[in-house]
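Presented below, as structure tokens, is a lone chain in the form predicted alone.
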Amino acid sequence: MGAATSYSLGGKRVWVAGHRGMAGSAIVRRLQSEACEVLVATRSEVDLRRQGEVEAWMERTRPHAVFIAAGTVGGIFANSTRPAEFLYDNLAIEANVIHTAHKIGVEKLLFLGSSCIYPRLAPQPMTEEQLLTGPLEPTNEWYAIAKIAGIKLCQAYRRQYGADFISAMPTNLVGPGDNFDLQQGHVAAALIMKVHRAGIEGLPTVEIWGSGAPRREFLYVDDLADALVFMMKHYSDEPFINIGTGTDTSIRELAELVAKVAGYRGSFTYDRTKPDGSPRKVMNVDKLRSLGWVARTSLEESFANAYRWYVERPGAGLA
């Protein structure tokens, strides 16, 4: 573990790549209290998959610090049906941004990965040292390979050029800004959508994909943003850092929690013909805790906030 550092964001131009996404929008919210200038760019302004566009935009705006939260993301269905997009888009984005950051002398960069980088059957809780110790989960290996490449790019530019590029590996996220799409979204959003619709339509049961037995860890997205800003300010070393709560819950228990926050009184059935994905995924967050950061938002509060955000959107549960 590297020595503690102190990098000030005050007065800096800070680019949040992927500011419209769930994590990126939370980072933008968190940066409001850092007295920095937040830079953002829409895809119409710069397609991050195009090296020339990325170089031109970064050379013009000259960010001092960069958070890479951009990427093509989705759940099991999206990963398994769009493997080329998941691999190409994410490789291109991270390569273009990381290389250009080095080229123009960005002071600090933080790359945001995903817990799917770990082997399918990694011992639990997963430590950072488990990377590349076994086969990946087949349902999201394309995304995982791209994220592993991003971590290695940051490490390589640090090792070869001394660039202050770091990586963080978040667990599953829940909260405002999630992708509420049954085909493309993750389990948290899918559960919220299904339960809300069942309540509106008066349905007695809700069908859940898989057995309900897999265990997952969930982190409130604004806690993630706080952890990322903390790392940007206080961490500088080659090893990546897990970000999570260190606790997990079964999909079955999660469904009951969503029913509670949504006021749904029906029951759940489980479609065992659908894939479960990894049997258990929970992070070991000892390194992050040793740096002085812990998550503050409870699981129930996280899902209650996410549910409230979802139902307050126009047309919620109808699309």
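Residue positions are given as counts along the sequence shown, with the first one as 1. Note that the coordinates shown come from a computational prediction; the quantities given were computed from them, not determined experimentally.
As for the form predicted together with a small molecule, it is not shown, yet the points below apply to it.
Contact annotation for residue 276: at least one heavy atom lies within 4.5 Å of the small molecule in the predicted complex. By the criterion of a heavy atom within 4.5 Å, residue 167 is excluded from the residues contacting the small molecule in the predicted complex.
The small molecule is not shown here, but in the predicted complex it comes within 4.5 Å of a heavy atom of residue 214. Contact annotation: residue 220 falls outside 4.5 Å of the small molecule in the predicted complex, judged by heavy atom distances. Taking the partner from elsewhere, no residue among 13, 27 and 66 has a non-hydrogen atom within 4.5 angstroms of the small molecule in the predicted complex. Here the chain stands by itself, but in the predicted complex one stretch of 232-240, 104-112, 196-204, 71-79, 71-79, has heavy atoms within 4.5 Å of the small molecule. Checking 127, 249, 172, 155 for any heavy atom within 4.5 Å of the small molecule in the predicted complex turns up a single hit: 172. Only one of the listed residues (140, 245, 90, 96) places a non-hydrogen atom within 4.5 angstroms of the small molecule in the predicted complex, and that residue is 140.
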